[in-house]
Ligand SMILES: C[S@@+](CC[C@H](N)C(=O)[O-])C[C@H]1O[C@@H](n2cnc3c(N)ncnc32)[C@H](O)[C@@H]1O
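Shown here is one chain on its own, the form predicted on its own, set out as structure tokens.
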């Protein structure tokens, strides 16, 4: 297996493939003023195995198109939706987030948790805007500095890993410059990283390694993720995911 295939295998049985929680999804939903008397059209971009997709389906009167590049994740989502009686509300779509063929003004709500970084924050704002109705909502979580200054080690790591990392003030300015107005913002708690994402991942390391006969490449995947966890624990007071909820104005 390739390294990417191993990473997919590590994550495919997880509820989430990035920081976040059902509580965070609900908090973001509470900031929206969605009409209750009509069936909404929703897109969940980079849905993974659909932890947030399931929450959206439970709490919204609408049809959700769940987009992800990896069929292994979509298979998990489809099985969960079937078991929960939500299959009629969720349509899975195997596509890249930057290669979509949706209609102009198709959606009332576009959602993306811990995934927009794959195509870049501002690029995503611009690409997805055409698919969103005027007055519709965009809700995305994005890695964000939560202090104005930070140690050089973590600054240099993130500038190399994802140069678009920035403060919430600058992210909000990007939203406004691209025709959105902010409805609400909060950043994810440390529990959303550790309890909802990293600890469940760590709990699966041993069986993952056994499944792949303790291969050198599988060991590298585990080592790399453990290094990421260690980095977060060391510098968790300086960055998180910011959840941005905005309305399309034009």
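Residue numbers count along the first chain shown, from 1. Treat the numbers as computed from the prediction; the structure is a model and nothing was measured.
The same protein also exists as the form predicted in complex with this ligand; that form is not shown, yet it is the one meant from here on.
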query: Candidate from 154, 86, 165, 97 lying within 4.5 Å of this ligand in the predicted complex - any heavy atom; finding: 97
query: Candidate from 102, 158, 145, 117 lying within 4.5 Å of this ligand in the predicted complex - any heavy atom; finding: 117
query: Contact label in the predicted complex: residue 242 to this ligand, heavy atom within 4.5 Å; finding: no
query: Non-hydrogen atom contact residue 69 with this ligand in the predicted complex at 4.5 angstroms; finding: yes
query: Residue contact check: residue 137 to this ligand in the predicted complex, 4.5 Å heavy atom; finding: no
query: This ligand contact at residue 107 in the predicted complex, heavy atom, 4.5 Å; finding: no
query: Segment that reaches this ligand in the predicted complex - one of 45-53, 30-38, 205-213, 177-185, heavy atoms within 4.5 Å; finding: 45-53
query: Sequence-ordered residues of 4-31 touching this ligand in the predicted complex, heavy atom within 4.5 Å; finding: 16, 17, 18
